[in-house]
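This text opens with one protein chain seen in two forms, each one given by itself as structure tokens under the names structure 1 and structure 2.
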Structure 1
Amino acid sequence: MRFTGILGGALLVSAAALGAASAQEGEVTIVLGEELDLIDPCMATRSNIGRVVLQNISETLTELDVRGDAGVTPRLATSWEQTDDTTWRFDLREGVKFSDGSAFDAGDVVHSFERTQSGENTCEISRYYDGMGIEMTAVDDTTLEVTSEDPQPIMPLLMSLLTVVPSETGMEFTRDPIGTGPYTLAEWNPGQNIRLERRDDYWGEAPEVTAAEYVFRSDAAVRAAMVETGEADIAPSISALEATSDTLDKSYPNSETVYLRIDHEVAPMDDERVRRALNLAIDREAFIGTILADGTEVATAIVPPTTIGWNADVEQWPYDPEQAQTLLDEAAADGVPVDTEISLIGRTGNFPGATETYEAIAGMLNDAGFNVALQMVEVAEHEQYYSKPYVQDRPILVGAQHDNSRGDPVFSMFWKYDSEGRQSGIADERVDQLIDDASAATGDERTALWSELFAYLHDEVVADALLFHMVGFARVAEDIDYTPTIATNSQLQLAEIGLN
């Protein structure tokens, strides 16, 4: 057994090593809440994997600027243009090498894309290209042509999700990711740590951080304590409760939106008045600064305000329990079964304070005349309620959190509102049409269509009960210069970390 070896080794390490996180010059330790099951680049859109892999090990053709408002910016592609309705041409960067020494060319991108589409693995990036009929061709080493069945005006943005691997990479999941990024995977001890080290032959500017050690602790209080004691330098996600230090803790909108999904097919939720009453009965402002952190915003759309088309004119629901009661009474007079017990499904640990939030919502709804029973469930059970086919033996409100940090509503709207969307509670022709039109539109027209859709969903369909745009808290050690962004949930570029 490794037993004696490990123990002996541990004993040799003296007390001097205690709390020496940044022992080596230029190294940082980052403590994350969730371990990585896989480290394959084609899974980088899963947030816990993306935080380690994305733009650190593996790079993409383009990148969304989340610190400024430059929109989509070049990464492995230097420029791009739409050559006709359904074709885009990307010029690729020259002189780029993978960490295994092989040169990067258009063929690698084609292979990377085909790999995500392969039936031999379960790469999740492929979901973003689902049903688009995308074909990629390497015109020459540095020119890539991408075609799609329908016009895809956001093709450059879509390319910010495709991580590039060398064309030698097999179809099955790899545990040794090779990328063009500034770091390589140096060590991976499952359950303990992952270590990335800086490459010397990176095409771009060499980042300041020479190596990063990732460790994993599921308890938020422990993560916060680790930065305090110097065992870690950055804890990208701690709970608001722990975020008590002005110097160390930084809040950031974390691109998550919490809402209650309503299935419009089941009475009494099929009645618009009941849905309005539901929205009026929740005192959203009361949560902010109490159960939820200061900085949390009341939501009027399922995507955060930095997303294009987000409609500032949509007014948030006021808190008006009397009006809610009146609406319920009206509905009851028309024979709507408003007394039916409604299940409110929440997921334990979905976000800090989740249980308290749902308890408070259930309390408010019951005060306003609803008959709500709270049911907190674990992740697998939550999925049963959240996705189709729905449980329809009783009216159900599903509390859920949706993440869109990608700047465009297209990554949310079909799934959440189209009549065929897997988590959609509605079937509305105009909504379907607007989603189709907006997805195909460009520029101001696209923005306008999305805006129209948001207003329509919120004010006329009363599709759901939108609650909050959440904020996250990062704790960053004093000698580290790092500002979290709206994308910190899904990526954490080591190159953006400065050392003081």
Structure 2
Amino acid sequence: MRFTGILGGALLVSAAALGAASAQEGEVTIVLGEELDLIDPCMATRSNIGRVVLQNISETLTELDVRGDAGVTPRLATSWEQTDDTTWRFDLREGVKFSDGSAFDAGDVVHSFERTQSGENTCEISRYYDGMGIEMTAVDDTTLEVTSEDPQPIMPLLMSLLTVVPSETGMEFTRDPIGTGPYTLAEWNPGQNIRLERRDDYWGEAPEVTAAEYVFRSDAAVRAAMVETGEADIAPSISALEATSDTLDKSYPNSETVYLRIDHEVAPMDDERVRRALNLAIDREAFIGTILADGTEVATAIVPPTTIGWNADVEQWPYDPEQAQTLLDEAAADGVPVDTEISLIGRTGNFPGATETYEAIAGMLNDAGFNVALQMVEVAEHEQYYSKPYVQDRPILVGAQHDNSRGDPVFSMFWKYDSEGRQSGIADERVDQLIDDASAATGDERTALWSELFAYLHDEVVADALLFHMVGFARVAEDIDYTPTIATNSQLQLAEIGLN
């Protein structure tokens, strides 16, 4: 890979000069809304990184079929079986090589998992395995054994998140990712572009796309215009306001849920009345069809309605600023410091209309009697507020999107709500027990336990301020054959792109 710093203006080539012809030559230009501060495979569950890395550079053992109904399908693993309640055995694909020429084997998988758990980095992937007590053993080069403290009946699905790197990869973050995927990182100019190029020695079928250039534009209107004028081929995320073309624009069922994470340990958010007032003060319906797209749904859980255990009996919070003010007055009369300034932290570019959304929410909260100051930050700074240890020198609401496209709450619930979860704002014994029980259950029992947990978190704990289940829009050039899916917000496989 060639890594360079900021290029001088004389070296920049206009995408307009390349875009129109790029698809004919097998190359595509993809315009993203956020720059990448990292490109490590263990960070591929973050949307802006996953769209570049996941299944392009780095592959996983399994993959969830989001274009059909095949369920969990093979990738680097060819088959798997559960040998007892807490043990799974995976047979790995033979003859696979990393892009540096080294052979892929079970030891690489073990190392990849251990690397996500290392204290020498802050790998996002590790959060999906928190609390499970997972251990991996290389039985031989092509056989992997995975054990857990408690039964994990969806272990094959859990393995669809673990990106595999060579055993030689250090524990610290890498800027030169080596993977088994069909592409290599050829160039990274921070803040400007990233280039992937197709491998000649990939173990699978060769994709049509020979190279992909990723560029970054924070303005959704600019991203949409670049595709329309031929400067780019795909803009996987544009706003509803820009989705005006019947031929170029495609909607897709976004798996993201927007919410405000509340830290229950810091006053005044440690008072349930204040948390209820917070939820009552937000007019969620007012955003739909205005800042956010028609089809956006008001959220009552951290996962979309396609997830098992979804509880349709949980009612969304009504908009009632008068009742919110009454609850704040009651709390104040009991000595709760409701007039304390609360910081609302939003992530710039997290979704189209993010800044406008958080500005409006801050205004609604202030109108209802809260004292809220909005602070919009870039992705790297946002993480400092989003994950433990939390800043607790003042009450903070963290505005965020959570992606769960895999259909099971296990990918969300521990790290979002367990007492030990790294992005949890609560500590509740019943919640912890329900998460443990549901994670180990199967069939109808698993569904019922998750459903019970959703209702308890929303109605009794008032864990957070759930806002919206999002709708996504992508703009795709006419000479590109690509249909976005529920996974498009977290990955964009170049192998799924056809060239007309």
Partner chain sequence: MSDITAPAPAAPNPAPPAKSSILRMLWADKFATVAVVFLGLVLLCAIFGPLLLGDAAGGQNLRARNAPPFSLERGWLYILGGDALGRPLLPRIVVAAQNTIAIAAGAVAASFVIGAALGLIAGYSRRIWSEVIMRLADVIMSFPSLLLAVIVLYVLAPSVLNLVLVLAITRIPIYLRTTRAEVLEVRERMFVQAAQVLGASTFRIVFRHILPVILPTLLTIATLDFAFVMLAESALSFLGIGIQPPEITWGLMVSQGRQYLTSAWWLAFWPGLAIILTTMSLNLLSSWMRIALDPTQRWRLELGGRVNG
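Numbers follow structure 1, counted from its first residue as 1. As the structure is a computational prediction, the values presented were derived from the model and not from experiment. Take the two forms, superpose them, and find the largest set of C-alpha atoms that agree within 1.5 Å; that set is the rigid core.
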{"property": "Assignment: the form predicted in complex with the partner chain", "result": "1"}
{"property": "Hinge rotation between the two structures - smaller rigid part turning relative to the larger, in degrees", "result": "25"}
{"property": "Core-fitted comparison between the two structures - CA shift at residue 414, Å", "result": "4.4"}
{"property": "Shift in Å of the residue 443 Cα between the two structures [rigid core superposition]", "result": "3.8"}
